[in-house]
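Have a look below at one chain only, the form predicted on its own, in structure tokens format.
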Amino acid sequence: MLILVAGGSGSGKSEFAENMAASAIGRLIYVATMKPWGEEGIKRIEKHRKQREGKGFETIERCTDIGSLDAEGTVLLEDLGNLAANEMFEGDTKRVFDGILELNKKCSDLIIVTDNVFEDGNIYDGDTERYIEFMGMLNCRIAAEADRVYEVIFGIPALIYSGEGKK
């Protein structure tokens, strides 16, 4: 099953996704995609480590090429935005979507945390605009493949799409 969990920064999407994954039976894998840049990045990583403490996750640090992971069980990918930025920096944007499809074939459940990238209303140029467009495209393509899509607002998850049994 492929599940996409979207939300703005600080919305509670990560905690919701972690609790959903932790309720599964069997092996739990947390794929951490964030490169620890600066003090703020390190604080964010620590926050997420504490949040999932005691939930039974095996953590795999993987900033690129997630399709090559050997992952059986329930996989929580945290998060798509970091993975997309890392792959853009390395110049292989095609690998993101293809990697997600490949990873989804290998595990029983894949839960992906992603950002709502169009909510701030600002106009950007250059690399930032290309990143936002890329994330928008990825979110749409993954949502089209997903069995369920949630949006988390103010810590409240809402199921916005359920296509379970569509295959």
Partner chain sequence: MYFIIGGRCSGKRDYVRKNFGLEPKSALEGDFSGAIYDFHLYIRRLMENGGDVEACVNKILDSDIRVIISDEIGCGIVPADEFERRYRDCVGQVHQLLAEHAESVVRVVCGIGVRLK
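Source: prediction; values computed, not measured. Numbering follows the first chain given and starts at 1.
Another form exists, predicted together with its partner chain; not displayed. Remarks below refer to it.
Pick the stretch from 111-119, 65-73, 52-60, 33-41 whose residues have a heavy atom within 4.5 Å of its partner chain in the model of the complex.
-> Residues of 111-119 come within 4.5 Å of the partner.
Flag E18 as yes or no: does it have a non-hydrogen atom within 4.5 angstroms of any non-hydrogen atom of its partner chain in the model of the complex?
-> E18: no, not in contact with its partner chain in the model of the complex.
Applying a 4.5 Å heavy atom distance criterion, does M1 contact its partner chain in the model of the complex?
-> It does not: once its partner chain is placed as it appears in the model of the complex, M1 has no heavy atom within 4.5 Å of it.
With a 4.5 Å heavy atom cut-off, would you call E133 a contact of its partner chain in the model of the complex?
-> E133 belongs to the contact set for its partner chain.
Applying a 4.5 Å heavy atom distance criterion, does D127 contact its partner chain in the model of the complex?
-> No, no contact at 4.5 Å.
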